[in-house]
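Below you'll find only one chain, the form predicted on its own, shown as structure tokens.
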Amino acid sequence: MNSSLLLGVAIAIAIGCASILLPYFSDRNQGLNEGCSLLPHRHFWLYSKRVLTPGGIMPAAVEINGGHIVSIVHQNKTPKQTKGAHVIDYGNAVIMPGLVDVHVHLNEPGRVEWEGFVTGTKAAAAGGFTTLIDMPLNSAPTTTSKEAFDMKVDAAKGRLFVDVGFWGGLVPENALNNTAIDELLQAGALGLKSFMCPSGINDFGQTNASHIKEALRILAKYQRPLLVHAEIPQPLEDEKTEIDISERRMYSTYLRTRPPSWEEEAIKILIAVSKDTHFDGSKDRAHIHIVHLSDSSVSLDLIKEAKESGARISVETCPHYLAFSAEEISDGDTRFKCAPPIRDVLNRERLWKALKDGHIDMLSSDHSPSSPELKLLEAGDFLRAWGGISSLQFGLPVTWSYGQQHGLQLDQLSELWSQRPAKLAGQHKKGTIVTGNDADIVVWDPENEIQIGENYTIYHKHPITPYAGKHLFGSVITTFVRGNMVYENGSHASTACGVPILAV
């Protein structure tokens, strides 16, 4: 074969390969369009004396090109400006993997007066979060079918300032319908979420052991998790038919209505049904993930024992259970209402110990806002107010500030908020600063003090939060999503170029 013919064949092969690969790379780099980034560079370096990598914290330069991390160089000095590669020196600020929140209620479509993709993801970016996984309820319709899932994905397009994935919903109407569950998972749901108690949303019903066991068999085939709100209502010892408003304003009244036994009973059932959830002879069991654990006593002991016996179970807790205790909640302050409830100070300290000892796998915000009137702030009625805490933007400084009292280290913080949540959601290119990963990065100052007050901009739809007035440590300087500088010192990129994340 002569040289000209060889050259022609090579060109043809190259063109063919490019045509195959172009859609993939175009999709991965679609956030590099004009307006997606406050930084007008595709190829650049980030430098700091404190870069958190799997090898530890070190002075290093992180090279980013085309939305990916292409190299990490351990060096004590800022790299010199090179042709085509801009350099940003962050001094002593921490460069860390962007945070991943697997438990967020963005409520769109259908309830944007509660929250929405734009406001929620702007708050996330300002808080150092680069990936969110949205819950299937509180939107309308709830995401319990392929059709509703497709509606949610369409509603998200062009409205995301960070990347967002989606859990599907497991409810009685689809739990025993293998085709419906298959369609939902094939549409791109990263896993399923169910409630073992009333959810507060009429069209998102509670599931029982039979529903969960059947769904777990299908989830085992796809190797995706089932997330469970693990509370089952139990008879109360001193249940009253009528409670006057003075009692309903007391947090202790609400606390008595959701005792730890509700969590214990649900977790016992989950452990039991998890024992035989293989799919068609597969060696892998289905993965059960218990969301927002509140009870650090019997419930936590049950989880620890199940893990030791080989059960495929993981568990998260939330910053509000680690920051607050029942004793400090004032009468009528319904900003603190959530389910399961915030328990006493001893329970909080046990949660911290379990977190430090590795028995709690990760953190999530359970950011669950509503319209202000549903919180009943004037009436202060804990039994009737909407239960949910707005906190997405504050997760990093809250965890860091309260964690300092318990010896929390930067690498532990990142493991709890980045590495493990990314793994749960199946996002293996996120959660760590390693070559080849998405350039999802937060740059922040752990020593800088902030006050969530009048001069602190809150990007959530509504600034109703129990963290108002708190003095915290840790301010976010810059957030990068796939190499795009989406947030810097109070400013967001002009275009929302986060992408919907779909399971494949």
Ligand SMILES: NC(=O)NC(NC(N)=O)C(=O)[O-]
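Heads up: residue numbers just count along the shown sequence, starting at 1. Worth saying up front: this structure is predicted, and the values here are computed from it rather than measured.
The same protein also has a form predicted in complex with this ligand, omitted here; what follows describes it.
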{"property": "Contact residue in the model of the complex, chosen from His105, Lys146, His289, Arg249 - any heavy atom within 4.5 Å of this ligand", "result": "His105"}
{"property": "One residue of Asn138, Ser391, Ser401, Ser274 in contact with this ligand, assessed in the model of the complex (non-hydrogen atom, 4.5 angstroms)", "result": "Asn138"}
{"property": "Within 4.5 Å of this ligand in the model of the complex, all of Phe195, Cys338 and Asp366 (non-hydrogen atom)", "result": "yes"}
{"property": "Segment assignment from 199-207, 293-301, 344-352, 266-274: heavy atom within 4.5 Å of this ligand in the model of the complex", "result": "199-207"}
{"property": "is_contact(Gly380, this ligand) in the model of the complex, heavy atom dist at most 4.5 Å", "result": "no"}
{"property": "In the model of the complex, Trp386 touching this ligand (heavy atom, 4.5 Å)", "result": "yes"}
{"property": "Contact flag, Lys430 vs this ligand in the model of the complex, heavy atom cut 4.5 Å", "result": "no"}
{"property": "Residue contact check: His229 to this ligand in the model of the complex, 4.5 Å heavy atom", "result": "yes"}
